[in-house]
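The chain below stands alone and is given as structure tokens, in the form predicted alone.
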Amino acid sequence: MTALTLAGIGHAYLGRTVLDNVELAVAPGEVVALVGASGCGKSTLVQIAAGIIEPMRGRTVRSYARQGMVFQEPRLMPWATAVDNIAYPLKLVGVPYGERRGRARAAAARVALAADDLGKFPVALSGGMRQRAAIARALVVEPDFVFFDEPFTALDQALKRRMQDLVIEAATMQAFAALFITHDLIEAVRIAHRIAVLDLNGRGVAGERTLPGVPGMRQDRDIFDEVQSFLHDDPLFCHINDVDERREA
């Protein structure tokens, strides 16, 4: 049984193919990190998987009840307080005001967003607080699948690590599956059960590697050694740090 299945996914922009024949499955409760060279179509694929973009070819099978998504930017509504931003998905589905505020506060507590900050507008929050609010907004619907589109790229290393720990803890406690897009192999090895590598030109998944141990229990030295082994000894990762500037434009 799979929570998410991508079968033969293909997509193009303005006649230029960016994805072709992508096959990927995520099991219930599994966190899969999708990595690949910059510009290979990772963000496009996660948006297709989440139903934001319709693929030109292939099909997506979602065998879960509720999903959340965390984007590269927090994407908080500037005119709404932190608690109202977190509660917004519940408002969309008609949850009564009092209940959605209570659930929003509970979700904020799960990501260690202080109660004193919930009444603030995004402009008054630090980058880390805004990202905590974005994660809480994804978790407030009690999802069984969460999509992460390089959510911590703009954060400094210490803050990025704290956000990764939040994801690991939330995934463990709530037992959701996830597709986590990242260009950072250290991040991928820290948070995932399995890594899938997208082909340099988006022509399917080039290969996969199941990671030893359990997210949250791996030692920093073991993570470092695993990444070095991938980069120096595993041909699957030889193009992981390539950048196609035409695709980035």
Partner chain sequence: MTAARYIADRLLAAVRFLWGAWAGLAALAMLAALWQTGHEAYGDFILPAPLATLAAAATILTAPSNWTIALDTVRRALQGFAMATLAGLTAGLIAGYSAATMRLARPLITVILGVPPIAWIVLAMIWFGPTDGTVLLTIVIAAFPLMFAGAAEGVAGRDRSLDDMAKAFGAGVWRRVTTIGLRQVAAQVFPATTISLGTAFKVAVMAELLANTGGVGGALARARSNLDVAAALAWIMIVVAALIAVEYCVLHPIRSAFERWREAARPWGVKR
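All of these numbers come straight from a predicted model, not from anything done at the bench. Residue numbers count along the first chain shown, from 1.
Another form, the form predicted together with the partner chain, is not on view; read the next lines as being about it.
Asker: Spot the stretch among 106-114, 164-172, 149-157, 132-140 with residues whose non-hydrogen atoms come within 4.5 Å of the partner chain in the model of the complex.
Answerer: Single hit among the candidates: 132-140.
Asker: Would you check, heavy atoms only and a 4.5 Å threshold, whether Ile195 touches the partner chain in the model of the complex?
Answerer: No, Ile195 is distant from the partner.
Asker: Going by a heavy atom distance of 4.5 Å, is Gly58 a contact of the partner chain in the model of the complex?
Answerer: Although the partner chain is absent here, Gly58 would stay clear of it in the model of the complex, with no heavy atoms inside 4.5 Å.
Asker: Whether Met69 contacts the partner chain in the model of the complex should be assessed with a 4.5 Å heavy atom distance threshold; does it?
Answerer: Yes - in the model of the complex, heavy atoms of Met69 and the partner chain come within 4.5 Å of each other.
Asker: Is Ile52 close enough to touch the partner chain in the model of the complex, meaning at least one heavy atom pair within 4.5 Å?
Answerer: Yes - in the model of the complex, heavy atoms of Ile52 and the partner chain come within 4.5 Å of each other.
Asker: Mind checking whether each of Pro78, Pro89 and Phe121 has a heavy atom within 4.5 Å of the partner chain in the model of the complex?
Answerer: Every residue of the spot touches the partner chain in the model of the complex.
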